[in-house]
Structure formats: C-alpha cells, structure tokens
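One chain is shown next in structure tokens, namely the form predicted on its own.
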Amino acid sequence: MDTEKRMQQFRTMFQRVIDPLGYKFSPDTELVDFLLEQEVMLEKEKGSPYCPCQGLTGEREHDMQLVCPCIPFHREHFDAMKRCWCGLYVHKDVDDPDSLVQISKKEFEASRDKGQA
C-alpha cells in the first residue's frame, strides 16, 4: 500500500478515536501530513503507527502506550497542554496551536503531585 493511501486511512481511523475525546487534528496541515507520513514509516518498520516524537524502549507494555493516537493513555497530561506531545492533535477549541505551551512529563507530574499534597 502506498504512503498517501495509508495516511488517509490513518486520518479516518484516528478521527473516530479522537473526536469523542474532544480532540481534532491540528490546523497545521503541513505538520499533520509530516507526522502521519512518519507514522506510516514507523508502522512499516515496527508494525504499529507509534508516536513519532517518543522513543521506543522495546518494552511492549510501555511502547503500546505510544501507539497513535495515544491520548487515552496520557489524557490528563494532554488535557493540561490542550495537545498531544507531537502536536498532531489539539483540543477542539484550539485555533492557534503555536500558542500552546509544551509541558514535559516531569513538569506535569511534579505539578500534579503538588496539587494532590
């Protein structure tokens, strides 16, 4: 299957997952196309469309939480940023994804832990 066709299939499949979660594809179509292309390449190489901005560890349990869309596994963190790590998905109310602040996992966990203390 060619890359363009698979990218379109990903768009259709992923839309069904992200829409009920309150997310949409980024309005930055160039970024979306680039990231979907990377996911097609990762699927060919690794067998699944992993998040292109996260490193795989080789540990199945960890790596399966990085199969796109990984929103369900990292929902609290992504909701705090109003986007996923790579920016492929943003909250439905976001019009300017460039204005969103990226929060590292370490920073997010520290702020979350302070809130629970």
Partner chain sequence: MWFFAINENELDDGGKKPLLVEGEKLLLIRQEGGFYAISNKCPHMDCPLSKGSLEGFVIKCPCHDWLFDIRSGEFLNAREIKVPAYGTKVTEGKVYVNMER
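Residue numbers count along the first chain shown, from 1. Predicted, not measured: the structure shown is a model, and the values here were computed from it.
The discussion below concerns the form predicted together with its partner chain, not included here.
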property	result
Full three-residue contact with its partner chain in the predicted complex, heavy atom 4.5 Å, for Tyr23, Phe34 and Pro97	no
Contact of Arg60 with its partner chain in the predicted complex (heavy atom, 4.5 Å)	yes
Non-hydrogen atom contact His91 with its partner chain in the predicted complex at 4.5 angstroms	no
4.5 angstroms heavy atom contact with its partner chain in the predicted complex for Ser48	yes
Contact test in the predicted complex: Glu43 vs its partner chain, heavy atoms, 4.5 Å	yes
Interface residues of 1 to 21 toward its partner chain, as seen in the predicted complex [heavy atoms, 4.5 Å]	Arg6, Phe10, Met13, Phe14, Arg16, Val17, Pro20, Leu21
